[in-house]
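Presented as structure tokens, the chain that follows is alone, the form predicted on its own.
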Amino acid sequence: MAFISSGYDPNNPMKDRITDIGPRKYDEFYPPVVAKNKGKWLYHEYLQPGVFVHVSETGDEIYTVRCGGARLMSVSHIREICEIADKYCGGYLRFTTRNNIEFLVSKKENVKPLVDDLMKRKFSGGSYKFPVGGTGAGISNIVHTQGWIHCHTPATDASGTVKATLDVLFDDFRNMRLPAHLRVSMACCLNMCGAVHCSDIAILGYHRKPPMLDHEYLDKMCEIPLAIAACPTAAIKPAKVDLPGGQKVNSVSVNSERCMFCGNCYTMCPAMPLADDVGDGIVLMAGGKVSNRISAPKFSKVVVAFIPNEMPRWPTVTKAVKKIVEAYAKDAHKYERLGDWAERIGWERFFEKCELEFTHHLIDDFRDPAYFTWRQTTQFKF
């Protein structure tokens, strides 16, 4: 047998056994100063946008230079990142959950040359390869989903909308002028594999039409019971369909009133496509957070019910996001997150200040007692 010929001894199964075939343990990749001072860090402070220092009780320091990265990177781009890390910080770097690149510098004299080097590197089109910023009371990188590049159920693009939005918000990525940090997220459909349900500002791709049914091929391409079982709202049921020519086939029917346009059925059945050039578009949400500061964590709320896809720059989306950011920057108190600001002034005034139209589509009629009784926060409740 193959596994015996490879060296496995059934009489001594533990001999030369490989017990870990996954990634190596994370602490093997710590910079020496981090490994030496683990559990001893006293504080950190921002020295300038994109640059901060951690100070240990031993007096040791480590400097972090953060720059914007992309969710999808070429091999050559990653190699360039590694070359920069080798040159300035002994090869040590990390990626944040928002796709920022953080170079971990143990020598203070290397910080300025590294920042200068990063800001000089540009793509052939003129844009920055590694813009330094995304820290403190500013806008960090936009975490996003797959969009049209990889996903099969998006209602809009991810990389395109994020690029267009960050171009508009770039000054706030490079500076820290806002009352508190502002997190922007993007998900290209309601399944939300991005963090749009709890972000200060969220861009959400939205389908408005139920799946189309290709009855001729549905039973040939799909396991109908799986397509039915995939629907979270029980909107799909089996049906017999008469095709032109008198042929009767097994298919399904969709109850449009129950459909939530999630695309789960298309995942199981390619003969139930959901994408539509008119029905698909973008919803803007605002006011979410996961922080416990000032108030408990909040879900985002819909503030713009629908914006059509306007490729390639999505001007209506970027204009609305910019209005929200500017109103927040002008009116909120220091340390106040966007949702805290909106609740303090009232959501009615939020719409006025952000110059957004309020419609009946935005009325929150969600009534679930569990929502109010579940412990949603680490704040004490007595």
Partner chain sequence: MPKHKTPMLDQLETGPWPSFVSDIKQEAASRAKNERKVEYQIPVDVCDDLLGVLELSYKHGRTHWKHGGIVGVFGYGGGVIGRYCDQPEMFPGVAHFHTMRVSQPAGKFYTTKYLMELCDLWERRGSGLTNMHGSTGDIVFLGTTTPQLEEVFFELTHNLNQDLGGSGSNLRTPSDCVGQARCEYACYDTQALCHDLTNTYQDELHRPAFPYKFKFKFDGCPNCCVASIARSDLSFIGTWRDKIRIDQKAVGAYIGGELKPNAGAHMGRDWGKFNIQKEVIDLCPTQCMWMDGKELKIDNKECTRCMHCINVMPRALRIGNDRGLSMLAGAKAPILDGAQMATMLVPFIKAEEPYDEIKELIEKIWDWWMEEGKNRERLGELMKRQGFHKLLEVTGLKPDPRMVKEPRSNPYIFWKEEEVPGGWTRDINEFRKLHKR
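Throughout, rigid core stands for the largest set of C-alpha atoms superposing within 1.5 Å between the two forms. Residue numbers count along the first chain shown, from 1. Predicted, not measured: the structure shown is a model, and the values here were computed from it.
Not on display, but discussed next: the form predicted in complex with the partner chain.
Asks: Picking from 267-275, 251-259, 107-115, 238-246, which part of the chain touches the partner chain in the predicted bound form when contact means heavy atoms within 4.5 Å?
Replies: Looking at the partner contacts, the answer comes out as 267-275.
Asks: Could you work out which of Cys198, Leu213, Ile228, Ile307 is the residue within 4.5 angstroms of the partner chain in the predicted bound form, going by heavy atoms?
Replies: The residue in contact is Cys198.
Asks: Is there any non-hydrogen atom of Trp41 lying within 4.5 Å of the partner chain in the predicted bound form?
Replies: Flag for Trp41 set to yes.
Asks: Hey, in the predicted bound form, is Val34 touching the partner chain, heavy atoms inside 4.5 Å?
Replies: Taking the distances in the predicted bound form, the answer for Val34 is yes, it comes within 4.5 Å of the partner chain.
Asks: Since only the chain is shown here, I'm wondering whether Thr64 would be in contact with the partner chain in the predicted bound form (any heavy atom pair within 4.5 Å).
Replies: Thr64: yes, in contact with the partner chain in the predicted bound form.
Asks: Tell me, yes or no, whether His361 is in contact with the partner chain in the predicted bound form, where a contact means a heavy atom of each within 4.5 Å.
Replies: It does not: once the partner chain is placed as it appears in the predicted bound form, His361 has no heavy atom within 4.5 Å of it.
Asks: Does the partner chain, in the predicted bound form, lie within 4.5 angstroms of each residue among Arg24, Ser76 and Arg79, using heavy atoms as the measure?
Replies: Yes, each of Arg24, Ser76 and Arg79 comes within 4.5 Å of the partner chain in the predicted bound form.
Asks: Is any part of 90-129 within 4.5 angstroms of the partner chain in the predicted bound form by a non-hydrogen atom, and which residues would that be?
Replies: Read in sequence order, the residues that approach the partner chain (within 4.5 Å, in the predicted bound form) are Gly91, Tyr92, Leu93, Arg94, Phe95, Thr96, Thr97, Asn99, Glu102, Leu104, Phe123, Ser124, Gly125, Gly126, Ser127, Tyr128, Lys129.
Asks: Taking the rigid core as the reference frame, is the Cα of Ala234 displaced by 2 Å or more between the shown form and the other one?
Replies: Comparing the forms between the shown form and the other one, which are aligned on their rigid core, Ala234 does shift its C-alpha by 2 Å or more.
Asks: Taking the rigid core as the superposition reference, indicate whether the CA of Met268 shifts 2 angstroms or more between the shown form and the other one.
Replies: Yes; Met268 is a residue whose C-alpha shifts (by 2 Å or more) between the shown form and the other one when the cores are overlaid.
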